[in-house]
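The form predicted on its own is given below as one chain in structure tokens.
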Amino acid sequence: MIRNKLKIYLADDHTVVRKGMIRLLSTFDRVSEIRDASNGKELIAQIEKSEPDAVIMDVEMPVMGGVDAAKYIAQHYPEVKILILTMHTEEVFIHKLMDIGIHGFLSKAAEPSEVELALYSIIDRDFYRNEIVERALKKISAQVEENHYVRLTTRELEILLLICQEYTPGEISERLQISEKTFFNHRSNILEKAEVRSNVGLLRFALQRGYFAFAVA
């Protein structure tokens, strides 16, 4: 089910950037509430009062930066989607954030239309796959050590491949003729077996093991 009336929290230590992003988010049809913070600590304090659907945050902030804030949110509020704004697109950095459970990445130079696309994608599909993610995933080795072998059931593999193709939970449930509750139970099992936190992690897991491949321009 597509969720409207989204509650979005924004964290950035630059007031001008933050105000500009608030103005942009307020033009999105599905966004009904926006709250902002100047650092990760303030953001978490807001979340503790009332959980949002998603957070958009800078990486480099005083008091508590985006990486530490993302770790805390992923651990304590796993239902909250995280979209990172960054100028750092190095593969090692992106992989580190993927391990935490980030749902998407955006360059600070992104166009407004991409911000909206990315936000709705992490809400509806649990991840946003763009050039930043694809470049980071491109060089992943398909070789896996035997002691990291993961056995998936046929149904779990079906669901994993559909997730990688960016189908929504509702679309996957309809396609496989299962309830959304059953889908989420399977997805939970796959996440546990793969030892990842989000669909971005599942995409990387599928690529590492040769289950899934995509072309990168």
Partner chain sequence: MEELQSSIVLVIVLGTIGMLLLIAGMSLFIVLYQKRMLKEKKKQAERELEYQSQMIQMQLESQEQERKRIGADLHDSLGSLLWGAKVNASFLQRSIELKNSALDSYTELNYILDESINTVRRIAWDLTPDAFLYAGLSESVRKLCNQFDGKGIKIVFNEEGAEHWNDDRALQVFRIVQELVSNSLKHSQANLLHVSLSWQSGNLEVKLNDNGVGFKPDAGRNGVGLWNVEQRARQLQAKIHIGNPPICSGTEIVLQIPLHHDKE
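Positions refer to the first chain, counted from 1. Small disclaimer: the values here were computed from a predicted structure and weren't measured.
The form predicted in complex with its partner chain exists for this protein as well; it is not shown, and the discussion that follows is about that form.
Comment: its partner chain is not present in this chain, but in the model of the complex one of Arg197, Lys193, Arg209, His14 has a heavy atom within 4.5 Å of it, namely His14. Between the options Asp99, Asp124, Glu116, Glu134, the residue in contact with its partner chain in the model of the complex by a heavy atom within 4.5 angstroms is Glu116. For the three marked residues, Gly20, Arg23 and Leu85, a heavy atom of each sits within 4.5 Å of its partner chain in the model of the complex.
Although the partner is absent here, Ala110 sits close enough that one of its heavy atoms falls within 4.5 Å of its partner chain in the model of the complex. Though the partner is left out of this view, Phe28 does reach within 4.5 Å of its partner chain in the model of the complex, counting heavy atoms only. Taking the partner from elsewhere, Thr89 is found to have a heavy atom lying within 4.5 Å of its partner chain in the model of the complex.
Among residues of the shown chain, Glu60 is one whose heavy atoms approach its partner chain to within 4.5 Å in the model of the complex. Partner contact region in the model of the complex: 52-60, out of 52-60, 37-45, 180-188, 159-167, criterion any non-hydrogen atom within 4.5 Å of its partner chain.
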